[in-house]
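One chain follows as structure tokens, the form predicted alone.
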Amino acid sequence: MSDVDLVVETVRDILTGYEPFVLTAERPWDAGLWSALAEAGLTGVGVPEEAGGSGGELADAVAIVGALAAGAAAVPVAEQLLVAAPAVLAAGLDLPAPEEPLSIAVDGAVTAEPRDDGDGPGSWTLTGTATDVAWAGVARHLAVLASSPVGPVLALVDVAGRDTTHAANLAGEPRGSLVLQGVTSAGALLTDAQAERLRARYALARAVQLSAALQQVLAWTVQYAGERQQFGRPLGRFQAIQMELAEMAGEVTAVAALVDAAVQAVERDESPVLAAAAAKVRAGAAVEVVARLAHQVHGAIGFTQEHRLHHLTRRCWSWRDEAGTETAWARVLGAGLLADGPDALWPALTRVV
């Protein structure tokens, strides 16, 4: 058994004690699950030990995020392990303790004004509103991508106790806004390319979650079709159902391939922008097909509050539109593929996939 397999088994063992539940304004996340993950050192995977983390590779962090997504876990691990923590470290900022939830804000109109001189990490004053913040009101720290007169800035803000709006996505996960009026924080100036890579990493994190969730939805649907009897035989014995399961499997496989390619691009320290764009677009397109067919095979039971299916399909519908829509990333992908002219189009296409 590989190290990644061991990590996944550890996450699954922890998840057995924490069934998915319907999120509410009074209970916006699974604090008990987060504590269990932190105690096991899983909220610091991928972060070097000298920076206060648990060590490990990107593949380990991706495996943890995938296992939690498949289990409909209501914790900000994807944002922390795959986006915010790597960005904070790359910017040369001091990373908070891994047991303190860290999220990312790339949307909204937040401006930064420098409070001192120098090209390295310094002090900035933030003004504006960060919108659609994943786990707003839950995260203690927030990595904010802001604009400034001299370029993009990544600022690290302690948001514990700050007022947030009580917005949520379709699955009930907090997606509120925070007003940052004259807030002083540590920050670092980024290049435009670094800011673009940060947004791409966020899109890739959602694509990783979508891929894992869609694989789980497929597995549940295949299992249900094999167990549910209709007209004296299992649903899976009907050709129409078999065709639907095959279509779902094709979608899931395509998403997994593109997500793996994007993760490998990050591991090779290449720009992940085009690969992440392709993965996010493909994952979003697959949600419509897989979720629709899964509910069609399950019938009315899949919509009931007690059934597990909707815990994932509602997350898939939500994650599809987060960190950039398919349309937005399709424009990025198209522009990137054509950037070097017609002769470079085919090599660029094959490099992406």
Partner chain sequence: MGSNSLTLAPAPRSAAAEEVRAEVREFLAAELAAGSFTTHVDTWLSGVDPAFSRKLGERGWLGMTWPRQYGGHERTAMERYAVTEELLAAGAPVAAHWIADRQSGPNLLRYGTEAQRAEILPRIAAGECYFVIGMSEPDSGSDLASIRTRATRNGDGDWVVNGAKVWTSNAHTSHYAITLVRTSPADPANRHAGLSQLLVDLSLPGITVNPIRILDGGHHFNEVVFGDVVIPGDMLLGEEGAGWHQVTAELAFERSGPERFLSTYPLIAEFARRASDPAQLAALGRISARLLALRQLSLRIAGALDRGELPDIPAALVKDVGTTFEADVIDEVRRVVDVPASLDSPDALGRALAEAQLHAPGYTLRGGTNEILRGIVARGLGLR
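Residue numbers count along the first chain shown, from 1. From a predicted model like this one, the values you see are computed outputs, not experimental measurements. The term rigid core refers to the most C-alpha atoms you can superpose between the two forms while keeping them within 1.5 Å.
Heads up, the form predicted together with its partner chain isn't pictured, but that's what we're talking about next.
Residue V281 is the only one of V281, A188, V138, V266 with a heavy atom lying within 4.5 Å of its partner chain in the predicted bound form. With the partner omitted from this view, the residue of E99, D260, E113, E196 that lies near its partner chain in the predicted bound form is D260 [heavy atom within 4.5 Å].
Contact with its partner chain in the predicted bound form, defined as a heavy atom within 4.5 Å, is made by all three of Q215, M243 and L337. This chain is displayed without its partner chain, yet in the predicted bound form the stretch 218 to 226 from 163 to 171, 77 to 85, 147 to 155, 218 to 226 comes within 4.5 Å of it by heavy atoms. Contact check for A254: a heavy atom falls within 4.5 Å of its partner chain in the predicted bound form.
T327 belongs to the set of residues with a heavy atom inside 4.5 Å of its partner chain in the predicted bound form. Contact check for L6: no non-hydrogen atom falls within 4.5 Å of its partner chain in the predicted bound form.
Residue contact with its partner chain in the predicted bound form: L15 places no heavy atom within 4.5 Å of it. Contacts to its partner chain in the predicted bound form (heavy atom within 4.5 Å) from stretch 316 to 349: T327, A330, R331, L333, G334, A335, L337, L338, P342, D343, L345, W346, P347, L349. If you fit the rigid core between this form and the one not shown, you'll see the Cα of A330 move by less than 2 angstroms. In a rigid-core overlay of the protein, E19 has its C-alpha displaced by under 2 Å between this form and the one not shown. Once the cores line up, the CA of E9 ends up less than 2 angstroms apart between this form and the one not shown.
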